[in-house]
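First comes one chain, alone, set out as structure tokens in the form predicted on its own.
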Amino acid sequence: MYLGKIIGTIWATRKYSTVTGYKMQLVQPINSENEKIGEPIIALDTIGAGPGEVIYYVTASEAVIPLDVDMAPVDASIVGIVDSININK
């Protein structure tokens, strides 16, 4: 799982049938100190997260697991909203 922050929502009037009903979010990957890492990605929202929220997401073949179907063209899925991060240094 990876941390990210939702920086936008993507609207599509046409989607592949297996992802219909899921919102697509633009996610900026971040580290545990809320610093940007890498380029933004598109992730399918399976939990109802919104812009500005810190989330965690899964990628690759695991991105399909939270969906209602066995196969879908999805590279990343949002699977949780982060309430807080505690780091012991």
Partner chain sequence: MILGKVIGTVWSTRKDENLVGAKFLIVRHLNLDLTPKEATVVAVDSVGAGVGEVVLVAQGSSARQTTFTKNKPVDAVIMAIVDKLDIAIKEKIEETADA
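Numbering follows the first chain given and starts at 1. On a predicted model such as this, the values are computed, not experimentally measured, just so you know.
There is also a form predicted together with its partner chain; it is not shown, and the following applies to it.
- Residue contact with its partner chain in the predicted bound form: A12 places a heavy atom within 4.5 Å of it.
- Interface residue remark: V79 is not counted as part of the site for its partner chain in the predicted bound form, having no heavy atom within 4.5 Å.
- Contact check for I47: every heavy atom lies farther than 4.5 Å from its partner chain in the predicted bound form.
- Using a 4.5 angstroms threshold between heavy atoms, D68 stays clear of its partner chain in the predicted bound form.
- Contacts of stretch 34-65 with its partner chain in the predicted bound form, defined by any heavy atom lying within 4.5 Å, are made by N34, E35, K36, E39, P40, I41, I42, A43, L44, P51, G52, A60, S61, V64, listed in sequence order.
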